[in-house]
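Below sits a lone chain in C-alpha cells, taken as the form predicted alone.
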C-alpha cells in the first residue's frame, strides 16, 4: 500500500470537486450537483487497486471514481458544462458519465449500479478471466429491488464483483432507522455474500479490506459486500438549505423565518397542532444540522491521511502544488470554453 499515492488520488478528487463547486455557484453548471466530498478514502482505497480490464459501475457521485481511474479532468469539466467536447459530448452531465476506455459508467438512477456491475462481472468472468467489477452506491440504494436482485444473482452465479456501500447515514433526508428494518450485514449475508464493515474515513482500512475482497473475486470465489461508513461534507447535493443555514445564518434565516410566520398565521390549512408540529420539526432539523458531523475536521478523510504524511513536509508541499496546478489548468480550460 502506497499512502502517498492514495493521498494524491484523494487530493486530486477534492480539488476537482472544489473547482466544480465554483463553476456551479457561478451558475455555469445547471441543475443539482452531487459531490463525493467525504467519500475520497472509500473511492481511493478501491480504485487504486483496479487493473486494466476491471470495470466500475458508479452512482450519481461519479467524478471521484472517474478521476482516480484516469479520466482527464478537463473532459469531465467540459461534460458538466454541457460542451460537445466533454467526455460524453456534453449530453450526460455529471450523473450519466461513460468511458469505454476505462470500462466505467455512472447512473443517476438509484440502484442501477447493481445490474450494470452484474453485466460487467459476467463479461469479465466470460471474456476476461481474472478481471472484476465494482459497484459503488449509497445505503439508500439498498432499498431498491434491482440492487438486491443483483447481489443475489452475483452470489448465485459466483461472479467477480465487489459491492461497495458508501453509507453516510442519510438517504437524502431520511435516516436508515426510518426506512430500513434490517442491517446491511444481515441483508448481504442473507443473500449469500460475505460482508465486511470498515471505517470509510480511514483509507488504509478501506485499502486492506478491498485487497482481500479483490483477491477473493479474482480467484473465482465470488462477490463481497463492503460496507464503508463516511460523512458527506456537502450533504446530498450542493446548496442544501440546512447546511446553508448553519454556514450563513444571518443571510439565510430571515427569509425562512418570515415564510414560517406567514404560513403559521395563514387562516387556512392544517390545525394549530399540525402547524406547531411542522415548525418544531423544521427547528429540530436545523438544530441537528448545527451538531452535524460534517462540522468536525476529524470526519474529513483527506485531513486524516494528510496528518500521516506531515513528517515529510517538502514532499507533501511539492505533491500538493503539482495537483493544484493540474486542476487549475483544467478549470482554466473549462472557463475559456465558457467565454468562447
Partner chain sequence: MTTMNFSEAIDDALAQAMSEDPRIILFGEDVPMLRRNLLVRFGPKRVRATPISESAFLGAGVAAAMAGLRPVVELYMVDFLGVSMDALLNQASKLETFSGGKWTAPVVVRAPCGGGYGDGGQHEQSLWGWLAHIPGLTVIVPSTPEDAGGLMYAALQHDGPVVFLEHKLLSETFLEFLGSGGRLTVQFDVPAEGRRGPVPHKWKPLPIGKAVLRREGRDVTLASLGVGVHRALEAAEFLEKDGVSASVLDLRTVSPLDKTALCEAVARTGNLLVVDEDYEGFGLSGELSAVVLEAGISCKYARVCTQTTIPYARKMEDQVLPNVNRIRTTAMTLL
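Heads up, when I say rigid core I mean the largest set of C-alphas that superpose within 1.5 Å between the two forms. Positions refer to the first chain, counted from 1. This is a predicted model, so every value here is computed, not measured.
Just so it is clear, the following notes concern the form predicted together with the partner chain, a form of the same protein that is not shown.
Student: Looking in the model of the complex, is the partner chain within 4.5 angstroms of a heavy atom from every one of 196, 327 and 336?
Tutor: Not a single residue of the candidate spot has a heavy atom within 4.5 Å of the partner chain in the model of the complex.
Student: Any of the heavy atoms of residue 225 lying within 4.5 Å of the partner chain in the model of the complex?
Tutor: No - in the model of the complex, heavy atoms of residue 225 and the partner chain never come within 4.5 Å of each other.
Student: Would you please decide whether residue 71 lies within 4.5 angstroms of the partner chain in the model of the complex, comparing each non-hydrogen atom pair?
Tutor: Although the partner chain is absent here, residue 71 would stay clear of it in the model of the complex, with no heavy atoms inside 4.5 Å.
Student: Taking heavy atoms and a 4.5 Å cut-off, does residue 318 contact the partner chain in the model of the complex?
Tutor: The answer is no: residue 318 has no heavy atom within 4.5 Å of the partner chain.
Student: Is residue 163 a contact residue for the partner chain in the model of the complex, using a 4.5 Å heavy atom cut-off?
Tutor: No, no contact at 4.5 Å.
Student: Would you mind picking the one in 209, 233, 243, 95 that has a heavy atom within 4.5 Å of the partner chain in the model of the complex?
Tutor: In short, 95.
Student: Counting only heavy atoms, which residues in 20-36 are within 4.5 Å of the partner chain in the model of the complex?
Tutor: Going through 20-36 in order - heavy atoms within 4.5 Å of the partner chain in the model of the complex - the hits are 24, 25, 26, 27, 29, 30, 31, 32.
Student: Could you check, with the core superposed, whether the Cα atom of residue 244 shifts 2 Å or more between the shown form and the other one?
Tutor: Yes, its C-alpha moves 2 Å or more.
Student: Any CA movement of 2 Å or more for residue 88 between the shown form and the other one, core superposed?
Tutor: No, the C-alpha position differs by under 2 Å between the shown form and the other one.
Student: With a threshold of 2 Å on the C-alpha, tell me if residue 259 counts as moved between the shown form and the other one once the core is superposed.
Tutor: After core superposition, the C-alpha of residue 259 moves 2 Å or more between the shown form and the other one.
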